[in-house]
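The chain below stands alone and is given in structure tokens; this is the form predicted alone.
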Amino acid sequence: MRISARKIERTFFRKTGQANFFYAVKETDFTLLEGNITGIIGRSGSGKTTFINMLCGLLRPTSGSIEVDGVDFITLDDDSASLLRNRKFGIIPQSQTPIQSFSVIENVMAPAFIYKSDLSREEVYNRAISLLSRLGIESLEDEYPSQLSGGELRRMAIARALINDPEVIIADEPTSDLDDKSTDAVLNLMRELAGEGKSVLIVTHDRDAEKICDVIYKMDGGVLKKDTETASK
């Protein structure tokens, strides 16, 4: 599924300084293609998270348009935008957001039931176990978030984001807190997903993650530019 952003920007108001607003993301055109891994790199505070939040409809641009599979995301009401996002997107946030009272397997399965998957409970369970296995944590299915390490929580969040078989995966620092073996498992999974025709966007500081990207953008001061030197293709 293709996402096309045209002349999007995001400003925020502030009470101090010479101007009463600042640009978190300056006017930007961007296209996320099917079957590719796109990377965005940049320092903290450069606008990366604001940018990806606009792409998946969690934050409305101040101006511009975002087309998702031919639908203008910006014109949708909140309910319609939420439905589109939850059906089409797998979002892996940088922060850890587990449901503490749910086991690992329950956390992973939850989105399928919240958003009324067409799969049976057994099919959802089998898919959840498959994802946990691909990420190397299938033995933890009955554990609870408080019993997991940071890296295990990260991998659980990745499995949860993928349970509904999304067409677009947007991952904010997906390999943070991971050792080398776990990083390889996550990056191999991302490469496989792109090979299935899915659109994958990774925000990262990880040089290993950069190596699997088909194209890389750099973000600095709210300005997004394609990096022609570090992309693998």
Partner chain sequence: MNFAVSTAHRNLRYRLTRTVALASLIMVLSFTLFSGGYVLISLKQGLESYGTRLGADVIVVPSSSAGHGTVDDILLQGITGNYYISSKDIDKVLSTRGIEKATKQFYLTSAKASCCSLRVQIIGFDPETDFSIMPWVKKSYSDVIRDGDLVVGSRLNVPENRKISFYGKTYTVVAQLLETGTGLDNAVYTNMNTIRQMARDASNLLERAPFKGLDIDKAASAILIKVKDGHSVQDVADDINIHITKIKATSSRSMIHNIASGLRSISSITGVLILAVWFFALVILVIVFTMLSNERKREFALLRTIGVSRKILVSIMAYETAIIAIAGSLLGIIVALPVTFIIKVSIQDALSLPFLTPGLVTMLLLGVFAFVLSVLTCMITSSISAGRLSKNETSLLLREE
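Between two forms, the rigid core is defined as the largest C-alpha subset superposing within 1.5 Å. None of the values given here were measured: they were computed from a predicted structure. Residue numbers count along the first chain shown, from 1.
Beyond the structure shown, there is the form predicted in complex with its partner chain, which is absent from this document and is the topic of what follows.
- Look at 195-203, 23-31, 57-65, 178-186: in the predicted complex, residues with non-hydrogen atoms within 4.5 angstroms of its partner chain sit in 57-65.
- Remark: residue 115 counts among the residues lining its partner chain in the predicted complex, judged by a heavy atom distance of 4.5 Å or less.
- Although the partner is absent here, residue 85 is a contact residue: one of its heavy atoms lies within 4.5 angstroms of its partner chain in the predicted complex.
- Though the partner is left out of this view, residue 143 does not reach within 4.5 Å of its partner chain in the predicted complex, counting heavy atoms only.
- The closest heavy atom approach of residue 138 to its partner chain in the predicted complex falls outside 4.5 Å.
- Contact annotation: of the candidates 120, 126, 75, 96, the single residue with a non-hydrogen atom within 4.5 angstroms of its partner chain in the predicted complex is 96.
- Using a 4.5 Å heavy atom cutoff, none of 153, 165 and 190 lies near its partner chain in the predicted complex.
- Residues of 175-191 placing a heavy atom within 4.5 Å of its partner chain in the predicted complex: none.
- Once the cores line up, the CA of residue 121 ends up less than 2 angstroms apart between this form and the one not shown.
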